[in-house]
Every structure is written in structure tokens, then in C-alpha cells.
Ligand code: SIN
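Shown here is one chain on its own, the form predicted alone, set out as C-alpha cells.
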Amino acid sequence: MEATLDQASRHDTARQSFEIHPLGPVLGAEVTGLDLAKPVSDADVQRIRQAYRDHHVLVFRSQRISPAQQVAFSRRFGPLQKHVLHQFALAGHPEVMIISNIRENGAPIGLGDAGHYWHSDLSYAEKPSLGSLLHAQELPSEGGDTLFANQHAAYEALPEPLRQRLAGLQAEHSYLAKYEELRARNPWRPALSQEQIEQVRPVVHPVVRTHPETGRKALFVSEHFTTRIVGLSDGESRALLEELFAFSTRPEFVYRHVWRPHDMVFWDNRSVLHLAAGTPDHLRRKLYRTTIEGDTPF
């Protein structure tokens, strides 16, 4: 029986030869030559961690791996989080969420409108996600791109008076912020049970968070989940949030990922926002997502 990646991590496995190439001036790097179907050494994981800190979005090409292997590799970076929409968990792998517009027997097999608004995964949790890994299973012949916006670069480009104004401010994040709006538009989103609603109570996080590994500051608000800035009037809060939403996703901060077969993309939810660019309704798209638990923002 082959060793799993978890088992392999307890051994001094041989290092693989792989290269890391930046994808653009603002963020993103391509990892080539690494086979995640094979044991990955602790030294290689540390090299990946450093590239992750440097580039915020890593693209692993041509990864023919199973869901179990994706789960095992993801766990090398921390405990995994299960999404509140358990309806779309992959059978046998509750840590894997299906992102898909496919219907079988008239019912959706996954979340078809994931990423409709700019957001950071699970920012509405007490411990938001450290990062997410999305592995392509079935790609459309057109569309389906994913956009990433560097929130360190966005914060650092803010006018100094605005940076000073944001110091110490906190904002509320809620999974329910746009849920009913999305349900009305996309009927594949299920109604939430009371138990699910209890799992996603609103939380408050800093508007500007400090990356726990690098110490860099980043904007930490999004149009999808951020509902208000604590302590401001409704009008002031809305005006400031709209300004930040627009600024944080300006083209100069964005990398657009055009998916290739078997890509796996690993992004830092502490450093970037992401957005699904959309897929034509008649074209099938399916990806598997795992999400790593982070820490409480500060």
C-alpha cells in the first residue's frame, strides 16, 4: 500500500526537483516539476511555504491527484475547515467542497456561484482561512477564470491620510450578508437550516490585518462578507467600505488565472481577495476545494 502524504511527512523523504517562476509583477507564481502524487519532503514543504509568503498565489501545474491526496497535502499547512454548506461536501471527504455548475438528476452537485463577489474565504469565521487549494476536475472551453487581488499592495498604495484613518478600525463580517440575494439569483443555493445559521454568526475583525508570518499589513474587507465598520454611522460606514472595495481590486493589484487541466491553485486568504470571472451556463465546470484554518486576525 502506498504511503499517504501524511505518512510520508513523518519520514525523511527524497526532495523533488521543481522550479518556482513568478507569474506577474504583483502576485502569483507557477510551480513546475513538483508531483503531489508522490511523497513531498518536509524540506520541499518549507520551500513551498516561503514561495507562498513571497507570491501569495501558487499554481501547481498538471496535478493528477486524488481527493485524498489533496486533503493530505493541504493538511501539511494546518488543520482543515469544513464549509457550512455540507450539502456540497465530496462523498467520503467532508473537508472537500465541490465547486461546480453541474446538475445531476436535476440537482446541483456543488456550489455553482462560488466567488460571485470579491472575498476572502471564511473571513466571517472567528479564525478565518489561512489559505485555500482549488483543484481543477473539469474545465469549460471558455470562461471560468479566477481573479486574485493583492491586499498588501492595495494597503500600501492607499493615500497616507486614509491609512491613518483606518488604523484601529474594525469591521463586521457575515456569511449571510448576500446569501438571500444569491439564492434569489441562483436557485441551486440551498436554504440554510437554523443549525447552519448558528454556525455563521457575524464576527468582527480589523479593517487592516497584520500577516502573522511576514508582519506585512493588508486590507481585510470584502464586498461579499463585510457588512459595516464598527463605530461609524451607516452612511459613513457604507461610503468608506465602497471606497475600499473599489480601491482594493484595482487592475494593478490583480492577477487573472486562466485554468489549465489539472491545475491546483493555492492562495493566501490573509493576503488576497479572489473573484470568479464566470462560466457560460451551458459549459460544465467542476473543482475541488480544501480550506486551511488560520488564526484570529490582529
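Just count from 1 along the sequence shown to find any residue number. Just so you know, these numbers come straight off a predicted model, no measurement behind them.
The same protein also exists as the form predicted in complex with succinic acid; that form is not shown, yet it is the one meant from here on.
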Determine whether any heavy atom of I99 comes within 4.5 Å of a heavy atom of succinic acid in the predicted complex, and answer yes or no. yes
Classify A218 as contacting or not contacting succinic acid in the predicted complex by the rule of any non-hydrogen atom within 4.5 angstroms, answering yes or no. no
Do G115 and succinic acid share at least one heavy atom pair within 4.5 Å in the predicted complex? yes
Verify the contact flag for Q81: yes if a non-hydrogen atom of it lies within 4.5 Å of a non-hydrogen atom of succinic acid in the predicted complex, no if not. no
Site check H119, W267 and H274: each within 4.5 Å of succinic acid in the predicted complex by heavy atom: yes
Counting only non-hydrogen atoms, which stretch in 164 to 172, 119 to 127, 102 to 110, 135 to 143 is within 4.5 Å of succinic acid in the predicted complex? 119 to 127
